[in-house]
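Single chain ahead, written as structure tokens, the form predicted alone.
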């Protein structure tokens, strides 16, 4: 799409971060995963400039920002087109597995489409999610699931599976060729009942990034040495499906039980660590359930609670930094329409 005339008003778009409620690691092996959007957001401001592409006041370097470079190539005329000034502000913990790069991609895609003339109320969500997913895959050497990009774009609660699931509302199919093999995912929305409106997620950050690639490789090596441990992967899939049912019914206790069981299974796969386990244990007395979220080995945990202040204090005493969120925030949007 070609940009419009000079001196257009600045566009501000935002997208939420995300937490994985159930299914991390198992999703790599074809099992379902459930993620929820969280209240903390990434905002991307897009404005005119006379000095060439820039981000946060510095000259744009596509090697430092491959995700952004991929988005602008797909949605903006780079050669001969108008350069833009980008400002990125994030409320998320950095490198913590909360989907910050996916949120940047989604917000930037929405902002560019709006700047090019798409009405804020008519943003093509599946197209934005697809563009963001392709950008993530390109930046990660061809490997990326659509869990993060779909969740931050659609908002609410999202189920991603290798098949269409009757227990959720199917939205679209995503596919990607990885190492010559085609991977396909089915993306669904989970409708959260009003009884969950008062539910709160307290997210605890260890202060250390979660090394996703290392943790995925660690699980792969474990399964290679002990193929019988694939049963644990299948159990995580079963827990995830039970968790979807619990979410749909609005049962906080059942959601918590599924979270606890998922954490136990992830511990068995060796992806939790002492900091995450300590924070999970600290949260449990005041929570319905608690578990690590994301790759593990650092990063974040989360607790589902009706007592957010008490739970946050317990996690902080155990050494974590906290964010508090409702269960399922709005997806990508234009802020200044």
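Residue numbers count along the first chain shown, from 1. Computed from a prediction, not measured in an experiment: that's the story for all the values here.
Not on display, but discussed next: the form predicted together with a small molecule.
The stretch that touches the small molecule in the predicted bound form, counting heavy atoms within 4.5 Å, is 212-220, out of 86-94, 254-262, 232-240, 212-220. Scanning 40, 269, 27, 46 against the small molecule in the predicted bound form with a 4.5 Å heavy atom cut-off leaves one residue, 27. Residue-level contacts in the predicted bound form: of 312, 68, 304, 295, one residue has a heavy atom within 4.5 Å of the small molecule, and it is 295. Under a 4.5 angstroms non-hydrogen atom cutoff, the small molecule in the predicted bound form lacks residue 112 among its neighbouring residues. Within this chain, residue 21 is remote from the site of the small molecule in the predicted bound form, having no heavy atom within 4.5 Å. In the predicted bound form, the small molecule sits beyond 4.5 Å of every heavy atom of residue 104.
The shortest heavy atom separation between residue 245 and the small molecule in the predicted bound form exceeds 4.5 Å.
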